[in-house]
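Next up: just one chain, as C-alpha cells, the form predicted alone.
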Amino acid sequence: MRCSVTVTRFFRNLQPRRVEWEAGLNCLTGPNGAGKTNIIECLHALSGWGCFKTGASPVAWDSGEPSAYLYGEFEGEESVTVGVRVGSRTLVQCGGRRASWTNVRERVPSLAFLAGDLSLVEGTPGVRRAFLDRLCTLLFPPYAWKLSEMRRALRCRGMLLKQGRNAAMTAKVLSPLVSWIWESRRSSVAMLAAGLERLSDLLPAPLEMRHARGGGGGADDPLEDFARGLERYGQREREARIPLVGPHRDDMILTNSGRPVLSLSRGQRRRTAVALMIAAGFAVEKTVRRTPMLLLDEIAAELDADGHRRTVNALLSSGFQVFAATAEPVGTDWPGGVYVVEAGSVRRVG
C-alpha cells in the first residue's frame, strides 16, 4: 500500500492543507522543529498505530479547537480512505466506516522508526523488543491482544511477588501466552534473517541474529522452557520480588562473524539498523501480501557519502513507499519527491 494524499487540520503545528505524495521515496527536509516528525506522526496514525505518546495533546495549541483531524487516501492492493479524529476522544474510520486501529493496520501496514528506534544495534534490549513487537503485530493478527494479556498477567505476578505471596497460579495463565509470544518472535527473527540476505550491499558485514528468551530454562519447546525457567529462577524471583522469566526480558542477539556488532563504526551500525528495518518490510510483504510503508525519522544522521548512497539505493530497490525525515541538506540526485517543511508548511521542491 502507499499513501497518495494526506489532509490535516489543527494537528500539532502543521498548516491545514492537502499534500500529494510520491509512490516511491519521499524526503522531508527542514530545520529542527519545523514539523517533519509531525508529518511522520500523521502517517503513523493514519496507518493504524495512533499518535506518538509524547504526553502533549496533538491538537494545535493555538487553534481553539477540541480535536484535530487527519485524512489519508491509500492505493495499492486496494483503494481505501482513512480518517482519524484525535482529541479528548479518538474516532477512526476506514473506508467510510468506523474501525479499530487493528482494522486499519491490517489494510494499511506501515513500519515506523524514530530517532530512538534507529539505535537497534547499540541500544538496550527494550529497543529491540519494541521492534519485534511492532513487526509481530503486523505478521500475526492476535499478537497485540496476547501481548496485552501477558503484560496484565505479569503485573499480577509482580504484585503477588512484592507482597510475598504465592504467585504459582499466575504461571498457569502466563504459560500459553508466553509460549505463543516466544514462538512468534522466533519466527519473526527467522524472517528478518532471510530478508537480510537480500541486503548484502547495504550491510557493512555479515550479520548473525537469534531470538534469546528471557529467563528461559534451555529447552527447545517454549512451554517446557518457561516451566524450567520458573523452576530455575523461582528463588531469585521471590528474593527480588519481580518476574524474571518471560518475553519482557527477551532480546534479539546480533553478532558479526561471532563478534559483538558494537565493534562496527557508528555509521556502519546505522546502516545495519536500516537493513533490519527494510528486512522487516520484506517479512510483512511476504506474510500479509501487502506492501508496507516505511516511516523513517533522521535517517541520514551519522552516514558518510558512501553509506548515504547505499542506504538510498537499498530503500529504492525495496519497492516500498518511504517517508524519510532529515535535517541534512538533500542533493539534486535524490530519486524521489523532496518536500521542504518550514514552520508547519509543506512545500514540494523536487
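Note that this is a predicted model, so its numbers are computed, not measured. The first residue of the sequence shown is number 1, and the count goes up from there.
Another form, the form predicted in complex with a small molecule, is not on view; read the next lines as being about it.
Engineer: Counting only non-hydrogen atoms, which stretch in 300-308, 315-323, 280-288, 30-38 is within 4.5 Å of the small molecule in the predicted complex?
Structural biologist: After filtering at 4.5 Å, what remains is 30-38.
Engineer: With a 4.5 Å heavy atom cut-off, would you call Asn13 a contact of the small molecule in the predicted complex?
Structural biologist: Contact check for Asn13: yes, within 4.5 Å of the small molecule in the predicted complex.
Engineer: Within a 4.5 Å heavy atom cut-off, is Ala327 in contact with the small molecule in the predicted complex?
Structural biologist: Taking the distances in the predicted complex, the answer for Ala327 is yes, it comes within 4.5 Å of the small molecule.
Engineer: Is Pro58 a contact residue for the small molecule in the predicted complex, using a 4.5 Å heavy atom cut-off?
Structural biologist: Pro58 belongs to the contact set for the small molecule.
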